[in-house]
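Below you will find one chain, with nothing else, as structure tokens; this is the form predicted on its own, and questions on how it binds or moves follow later.
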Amino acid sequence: MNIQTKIATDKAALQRAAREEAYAMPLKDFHPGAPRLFQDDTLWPYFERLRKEEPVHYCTNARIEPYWSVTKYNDIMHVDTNAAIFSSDVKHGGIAIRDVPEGYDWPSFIAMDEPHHAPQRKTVSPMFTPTHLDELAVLIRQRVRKVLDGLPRNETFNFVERVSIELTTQMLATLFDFPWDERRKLTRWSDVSTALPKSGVVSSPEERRREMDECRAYFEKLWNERVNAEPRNDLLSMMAHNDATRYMDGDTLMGNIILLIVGGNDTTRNTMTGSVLALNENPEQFDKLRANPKLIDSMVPEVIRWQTPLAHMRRTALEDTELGGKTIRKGDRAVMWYVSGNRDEEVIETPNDFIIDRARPRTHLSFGFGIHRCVGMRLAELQLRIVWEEMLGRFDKIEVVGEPKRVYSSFIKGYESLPVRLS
């Protein structure tokens, strides 16, 4: 049995066991936000059953406060586009299923309601205009070529470390005009800011606090430099010279910094890794892509749907409301499971299949909708497209040779490692 066959056989056995467990468990005992399900990649039958039997589900079987799971595409769209009813404000707990830990309740524009949200978001929007993305594309391609040309041939390496993290961290350093030699600090701070206690990313709450304090001090220094210098074309300078953000307090500055780091790091890096895994698990699609590289344009949104790098976003009800035949009370947390909506059979045809030439590949929830739709989504798509254009031109085969190690999180749907070999 070769390695690919063994990986596929082991995965099939794991999914069968998960399905048996999911359909044997009473719905009242469901906790679909359990990080173990995401780390083991056994979440799928739980959400499948919820979509079929109880699309809006109230979970009381968790160590966190009870929460509503919103699992179908159109219900998620309803929540995401009704910000007057469903709040993302950090003062109500934030945007993740678990409340923001005490001492980390930093406001950011993704965790603000109107009228405060729009002015801060508009401050950084010029970074992602078509004209600026065209300029960034030249730089991205140069860096992708350099990273890919430095990869070993015919020996196993970790794609996450050598490609996904390196390329996304280089992009972050450019967006912030961050000191180049210290750019890996950005990766570390992103990982620490989203890590759960059992993830192993940090050993204690004290360690997390030390590292976040280091991040804060570092960016406050850079901020003071940008405020006192002429405006430049980087995110920090944009915020430092715009009246909507120039006078932010330290907590709000830190909140926006972490938002931009995580948004630019975790989402792109995990989708980049996910694209390699998806094509290996679906070799007929890989053959199709090699035969027609123009399919990269539709493959990119398809892999963003298939991966769903942010598994959920949470909102808090500001008033009593009805959804899916259930009454959500004022103060209840409603978790929009993008990862489930992206597999909704009523909206997406054969949603569990990875198909790089779908007729409507942009029908997905991965970037959110409404006022909080991802501001950097076009940059993420651009990076993925360029990476695959360059990889197809260099390598005959990009072979996954071992099981991926997934992140312990039901928020970040990502990878710690993916062993691959190039030929």
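This structure is a prediction, so every number in the text was calculated from the model and none was measured. Residue positions are given as counts along the sequence shown, with the first one as 1.
Keep in mind that the form predicted together with protoporphyrin IX containing FE is not shown, yet the notes after this line are about it.
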Worksheet entry | Proximity to protoporphyrin IX containing FE in the model of the complex, single hit among D332, D234, D344, D80 (heavy atom within 4.5 Å) | D80
Item to complete: Just give me the single entry in I64, L27, L392, C374 that has a non-hydrogen atom within 4.5 angstroms of protoporphyrin IX containing FE in the model of the complex.
Response: C374
Worksheet, complete the sentence: TL;DR on 108-116, 237-245, 181-189, 212-220: the one with heavy atoms within 4.5 Å of protoporphyrin IX containing FE in the model of the complex is 108-116
Worksheet entry | Heavy atom of G274 within 4.5 Å of protoporphyrin IX containing FE in the model of the complex | no
Fill in: Close approach of Y338 to protoporphyrin IX containing FE in the model of the complex, 4.5 Å, heavy atom
yes
Practice prompt. Indicate whether protoporphyrin IX containing FE has at least one heavy atom within 4.5 Å of a heavy atom of F128 in the model of the complex.
Written response: yes
Fill in: Any non-hydrogen atom of I356 within 4.5 angstroms of protoporphyrin IX containing FE in the model of the complex
no
Worksheet item: Among G33, T71 and I97, does every residue place a heavy atom within 4.5 Å of protoporphyrin IX containing FE in the model of the complex?
Response: no
Fill in: Sequence-ordered residues of 297-330 touching protoporphyrin IX containing FE in the model of the complex, heavy atom within 4.5 Å
I304, P309, L310, M313, R315
